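Next up: the same protein chain in two forms, each one alone, written as structure tokens (structure 1, then structure 2).
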Structure 1
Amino acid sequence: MSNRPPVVLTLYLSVFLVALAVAPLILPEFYITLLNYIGLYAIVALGLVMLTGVGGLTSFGQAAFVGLGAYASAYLTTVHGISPWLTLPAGLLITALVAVTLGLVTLRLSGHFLPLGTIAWGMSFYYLFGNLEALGGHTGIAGIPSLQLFDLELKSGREYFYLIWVVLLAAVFATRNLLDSREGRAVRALKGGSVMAEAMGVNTPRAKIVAFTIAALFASTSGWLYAHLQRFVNPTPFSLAQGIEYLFMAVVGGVSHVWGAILGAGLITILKQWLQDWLPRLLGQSGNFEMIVFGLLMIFVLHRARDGVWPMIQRFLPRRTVRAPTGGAASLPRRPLPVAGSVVLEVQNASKRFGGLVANDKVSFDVKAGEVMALIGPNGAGKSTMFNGISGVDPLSAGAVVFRGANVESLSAREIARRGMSRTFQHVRLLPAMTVIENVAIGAHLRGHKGVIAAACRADRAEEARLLHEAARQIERCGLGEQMYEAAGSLPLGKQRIVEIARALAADPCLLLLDEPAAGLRYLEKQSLGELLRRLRAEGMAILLVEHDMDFVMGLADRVVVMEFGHKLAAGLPEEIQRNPAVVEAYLGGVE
């Protein structure tokens, strides 16, 4: 894949790495200590980039995971005499178990309840650390041994500098690799809402747990480094206030950007230090005045740079874009399509009730392989509700949905997608900041298998090349090759709908559900869409279509079902529907 950063970015990165390498050789001890803390904080903030910026899940409790890593190593080394290098995997294991347990409970919450939940367990861990006698209570644990690399014992901050920054940079590159992968797109899809992600086959509860656990493991690693750097721990650095500060670092730096974690940690750490040094001199008295000024500055930054500082810098840098492989890649395996004319979908007496409102009332129809079935009706007729019931997005209240010979009405949307059904939405559900090819690649999620560890280590590159090659093929097929690397949110609404069709096709479906695909398209674009759907029909794909453009429908559909107020009003060939008096009166404009 041609995902290499531009030469200018490589040059900037090289300069940054050289500056880090020579810093301990030329800077005073004070600045080395400051850089060490920036590195430790940035590791935690990087986890929040993954969790909050990418996954859209806000956490104020990351300091608790820092404390878990620190206390686990402090206790195991001082009480049981275990080597510090062995306490790192032990602390990560403990943190992972706690994170998964907390995540299974907390991540079920939504809206403002989720951050409130993280505040609750963040406070609980702070008081747990302070009240356990085995952990030294509020006095803490002293005498933590320093780390030793072969014959070199790391005693001073200057000696710890390289270890801290190597760990941070390794975490940065692992995170970037992960975000440019199938697993990373699953986490990024969370911001588009669980409805879209599940319909594309993403296991959203698992994706949330993955992001939550990665953020916790980064925090725990930072805590391990902190414990052996300080050689003393007590509960104070792991309070809720510190958890809020970590979130500030991520937000100020650029919560959706990997390098923003380092920038945010640096800005806030240096700013706090500068305020502590200069405000007493300016005001002529000591006190916590820096916290007042710091708070006001944070409000100002959040008003003026809501996306953080890094995007402002990024404007002057070449953009790094995920691209399809230039040399070609092996094609993904295709699922065999059903025999032309065979029934692919059968809806039997489908009903959907919302309290006393009946949106669908005992509607029945079927869709065959190699045909376009149109579902039409006035606004409020229950067409999109029927789509949601068929695809598992919002299960039916009664009735049956038989897909490829098996009942699926009780299955989740992702399980139905796994069986070969894919769809678009009435209201476009794309990730506007992601490119067209990245959005379309989400549709191919179920066609890959590599996990998080393989992605972080770049052991998934061959599979990733095939997924991006498939996404590019579907984009070209839908006539959007020129917009492949543009941000999806920058396209007009009509083309965004075409992107959704390409994303649905990337799933390799045998049944395609299209909810108003022609809305917002110009005449020639509708003609192109019609030609695409005819080609898909000729290949043997079954297509169920909801559309209001009657010229488009009648010139394309093989059969038509008409709905009115949740009921099935009529069904038949397009010419029969056009002559049906009840349909003409109810929907097609009356006798005139």
Structure 2
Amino acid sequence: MSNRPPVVLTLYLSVFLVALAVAPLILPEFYITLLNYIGLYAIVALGLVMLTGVGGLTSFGQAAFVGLGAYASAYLTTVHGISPWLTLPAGLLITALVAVTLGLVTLRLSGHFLPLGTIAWGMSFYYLFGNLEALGGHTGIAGIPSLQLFDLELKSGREYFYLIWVVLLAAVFATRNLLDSREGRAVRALKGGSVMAEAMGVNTPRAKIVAFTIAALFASTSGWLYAHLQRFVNPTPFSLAQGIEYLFMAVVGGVSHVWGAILGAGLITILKQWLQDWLPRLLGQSGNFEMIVFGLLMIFVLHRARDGVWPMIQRFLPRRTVRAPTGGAASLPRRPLPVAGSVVLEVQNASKRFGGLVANDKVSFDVKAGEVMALIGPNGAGKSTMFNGISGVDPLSAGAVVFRGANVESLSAREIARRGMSRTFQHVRLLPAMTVIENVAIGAHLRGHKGVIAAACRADRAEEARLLHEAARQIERCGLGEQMYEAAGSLPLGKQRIVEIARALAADPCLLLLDEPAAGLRYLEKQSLGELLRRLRAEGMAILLVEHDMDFVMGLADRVVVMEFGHKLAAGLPEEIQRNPAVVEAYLGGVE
């Protein structure tokens, strides 16, 4: 593996770990307690980093998941006398059930329904647990046993310190591992919109549930630790207000960074301590006035420093990047390509209506293996609509799409991608903050199989190496080897289009749909794109492209279909099309 972090980072990390290890030996009780709470909060905030910063979803109900973990263990240990080591998995199981249910209920809706659902969940939890006699109502449950680690009974905060921070660090590294994996990229792809992710074969509803459940499980673990540290639970620390505070921690610390969770938990906890001392004195009243400061701080962060505090520190640290294996990782198995000349795609009487507008009207054509078919026509002729219909992004209103002998017009984009159709988008859909190779690796999503748990404990490395190797191979092939480790968003638009092609190729397709691949390219870049497409054609790939650059199209395409006002105007060889008076008229407008 060549993914070794820079030496300086290892050094900083070691210093941090050593400082943590000696902290309980030298610090007074007060600071230990503070650090314990920071650790407990950071575990929850870390889950929110996964959910909000990475997945682009959010939750205000994390405190309720903490409560679920805490109450599960409190109840089972005190009432049924079960060992705390068994109540942890029990709590996690209950939490997962609730999280999956909430996720399933909201994930088909727009992104803001999940957080609204979590607000309701947070409220319900608080009132429910406050009123259940069996759980002690608002008084709560006391007499929770402390944890027993072999012969050692963890009684004081000082003894819990190591457990809390070991769990937190394990969670940090597991999260980081996960983010650098196939499943992690699927979650990260959510931020780029579900259309792209689905077209790459990512099951986006599943990815959302995975992210939400992981966040909930982290919270639940924190709750379990809390219950046995405090040895007493009541509903107050699991209220919606606390759930909101967790989100503040993640956002202030830096919602896109795993270390931001610890930083945010630390900052907010210390600030809260300090404000609770000073504000009542200053205002001459007692009450939760720190919330005024937190609220204002949050508004300020969202206005002025949307990425939180961690990036300000990160600026002084070297970057850690995912690199492709240098040694010869085994290549991935390839799909057998159809015989050159055989029909791969057949579009039959495809129609698409948007309200009263007919965007496609009974269009038919086919694409054969080993040929480049170009779809051209003036703006608004319905070409991109046709692409969306074929690839399942926006299904047709009527007509059929036969891909490799099977009807696919009613299948999802994900299923069509699985069958070997891959595409690029007219408006580039890359994840700008991710490197080129990570973006391209999303394309290979369906060629890997390792899951979340394997990724979190690095049992996926062999497969991951093969996926990255494949991504690197496609990037080299498209001539972007030099930019492999740059952020995709920093590339010029033309190059970003090429990254999209590399991503599509990483899926090992037998039909490639390219939506304006040459737009924004310079002359030489267009030539090398042409070369690449010719090479792919020679290998037996079927290519369907929409393009406006006529020099490019006419020099490359084997056949051309011209569309106008949603229907097929002409079809034929490039030279026939160029001489077709109807086509000239369509482009330049009618002559009176």
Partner chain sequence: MELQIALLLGQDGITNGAIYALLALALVLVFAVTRVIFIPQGEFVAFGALTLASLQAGKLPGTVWLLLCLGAAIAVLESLRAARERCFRQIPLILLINCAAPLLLAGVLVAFSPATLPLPVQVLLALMLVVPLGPMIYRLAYQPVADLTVLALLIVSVAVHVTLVGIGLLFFGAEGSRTPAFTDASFEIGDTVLQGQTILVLVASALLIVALYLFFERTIYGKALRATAMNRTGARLMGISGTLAGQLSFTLAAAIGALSGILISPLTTIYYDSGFLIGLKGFVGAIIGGLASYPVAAAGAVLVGLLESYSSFWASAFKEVIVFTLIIPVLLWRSLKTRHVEAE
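Just so you know, these numbers come straight off a predicted model, no measurement behind them. Quick note, the numbers are simply positions in structure 1, starting from 1. In this text, rigid core is short for the largest set of C-alphas that superpose within 1.5 Å between two forms.
- In this comparison, the chain shown as structure 2 is the form predicted in complex with its partner chain.
- Note on conformational change between structures 1 and 2: the chain splits into two rigid parts whose relative rotation, smaller against larger from C-alpha fits, is 16 degrees.
- Core-based superposition between structures 1 and 2 puts the Cα shift at Pro280 at 4.4 Å.
- The two forms line up on their rigid core, and Leu114 then has its Cα shifted by 3.0 Å between structures 1 and 2.
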